[in-house]
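Let's start with one chain on its own, the form predicted alone, as structure tokens.
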């Protein structure tokens, strides 16, 4: 059950990571590597599309926490989108909606980077 893939693309100067499959202790290093590569390339506007993410463990959640500070210190953010109710419940249980913006649709998350702060 360690089938996990990441599709990466750039749209409007925002990097989108589309996750697919099971994100657990065995597959978390793939997501860590994707975040490390974006940060090393000075890409700090990141949207993670969870549409095809069928499972996430605490190890997977830990990857998000490991990189959010570096991203935000560089005037960026990690926004989450397209979560199934099952995946959202895991994020919600651990208080992620208080720390991360979560959107229903990817375009909403991308557009949020260009909204003026209130």
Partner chain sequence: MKDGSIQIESRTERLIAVREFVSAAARSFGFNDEDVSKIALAVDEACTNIIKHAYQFDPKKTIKVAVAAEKRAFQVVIRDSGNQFNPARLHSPDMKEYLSHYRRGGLGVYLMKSLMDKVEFDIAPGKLNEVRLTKYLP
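Numbering follows the first chain given and starts at 1. These numbers were taken from a predicted model, which means no experiment stands behind them.
In what follows, reference is made to the form predicted together with the partner chain, a form of this protein that is not presented.
- The three residues 25, 62 and 94 all sit with a heavy atom within 4.5 Å of the partner chain in the predicted complex.
- At the 4.5 Å threshold, heavy atoms of residue 88 stay clear of the partner chain in the predicted complex, well away from it.
- Proximity of residue 58 to the partner chain in the predicted complex falls within the 4.5 Å heavy atom cutoff.
- Proximity of residue 33 to the partner chain in the predicted complex: non-hydrogen atoms within 4.5 Å are absent; the residue sits far from the partner.
- Although the partner is absent here, residue 39 lies well away from the partner chain in the predicted complex, with no heavy atom inside 4.5 Å.
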